[in-house]
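Form predicted alone, single chain, as structure tokens, below.
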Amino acid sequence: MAYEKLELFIDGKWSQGTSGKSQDVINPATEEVLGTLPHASTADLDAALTAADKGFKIWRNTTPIARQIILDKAADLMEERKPSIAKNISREMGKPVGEASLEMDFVIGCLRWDAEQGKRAYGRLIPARIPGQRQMMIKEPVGPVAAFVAWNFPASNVMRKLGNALGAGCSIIMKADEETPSSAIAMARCFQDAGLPDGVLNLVFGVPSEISSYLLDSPIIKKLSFTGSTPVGMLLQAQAAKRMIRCTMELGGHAPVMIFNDADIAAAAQMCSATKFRNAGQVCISPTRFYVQEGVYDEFAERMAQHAKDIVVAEGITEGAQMGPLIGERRLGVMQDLVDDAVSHGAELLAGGERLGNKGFFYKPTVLKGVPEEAKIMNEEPFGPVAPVASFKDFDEVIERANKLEYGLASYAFTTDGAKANAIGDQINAGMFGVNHFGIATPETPFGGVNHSGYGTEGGEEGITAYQRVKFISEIGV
């Protein structure tokens, strides 16, 4: 199975860049080197900035229908190439091929949605106070975009930004993650083969802090979009503020799940397990704090533990694999520290709790019961396959505990009481809320958080709007 040729993409040309620097891309399941990724020099970044400036002038003046034709053709090419792209995602990120294939389905759906939505940049006429005056509001693309994304969903994180930006008429410089570069490169080839004008999309790699500082210091960049950790997002926001660059920040989360006595516990445990251990727990909207009402607490914890023990953990390209490795060795120590800390605070280990094997970065699906609020895992985003379960007595208590952190990305509840579900929706401090399911991320719906989980949304009509600006025109005598 061929791995993607790793290159930079600047102004319609593929190259190894001019820095002479590079890094290896590692398979986290086998620790083998998949390829060598070139880093961009400042000269390469200057070329990308110049190209994005030129590309924006072309793309903004391309009609929305003409843009849609190109983007739809790129989506067709991604559909054709999906099997190879998905396998390479699995090899460099670790997730099972089936999950990587579903990720590509989302990518293709997202691009098609944004291509179509780009035709709906509606303005409006505003009734005037003066006879003969015409007042108009129009929307236009904000300008060249700098985008930076995380490794956990290497294709969909990229496409959330590409689709929104290109659909709105912006050009973009994308810095995809250096640990998982192949899908971004493969998608860029699809855009090029579909006829995207040179300079509209530029793809670079390198030391993240160096690239972000350089790009955000340029007067060419008018918009920043970032998916990653809260601390890094705060740093990038501060850098962007120096030039009044508009930002969309999709940052960390620590999603509470509230499971009430009236819920279908068997179904809830099955869904919670499948979602918690998806992508080895390396999901920003993953359920990470399980609050279970006292009447069903023991049953839920036991069911979660059994589901965790039944999960088939293996390299993602292995037939029947249900969970792969963590992204890197560094994450193994983080998981063990969280588990050991919880146990030291009185938690009971029901499943897992240790590394699996000595080759690759596998960690057993883990369930902890009776985890107190002061344990690290209840306060720090775990981003791994560890599920802490705690009990609660009543509605007011669980809402207070669910809302206690500065994070506010995703939240979930399991209940058959409609009034209770509505009350949680009103009181929960989060950008997204799911009741009796976890399917809160689709191309046509807004995706984003509040507080330390960031601001702005991706997806839906709000996603396109984030890459547009408003212009007011008032005319008399014309």
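Just count from 1 along the sequence shown to find any residue number. Computed from a prediction, not measured in an experiment: that's the story for all the values here.
The following text describes the form predicted together with a small molecule, which does not appear among the structures shown.
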- Task: Counting only non-hydrogen atoms, choose the one of 82-90, 351-359, 203-211, 123-131 that falls within 4.5 Å of the small molecule in the predicted complex.
- Result: 203-211
- Message: Under a 4.5 angstroms heavy atom criterion, identify the one residue in P256, G169, G252, P388 near the small molecule in the predicted complex.
- Response: G252
- Contact assignment for the small molecule in the predicted complex, among S229, Q306, T318, N403, heavy atom within 4.5 Å: S229
- Task: Using a 4.5 Å heavy atom cut-off, state whether W151 contacts the small molecule in the predicted complex.
- Result: yes
- So in the predicted complex, does any heavy atom of W59 sit within 4.5 Å of the small molecule? no
- Query: Can A184 be called a contact residue for the small molecule in the predicted complex at 4.5 Å between heavy atoms?
  - Reply: no
- Counting only non-hydrogen atoms and a 4.5 angstroms cut-off, does C284 reach the small molecule in the predicted complex? yes
- Query: Has each of D298, A375 and Y412 got a heavy atom lying within 4.5 angstroms of the small molecule in the predicted complex?
  - Reply: no
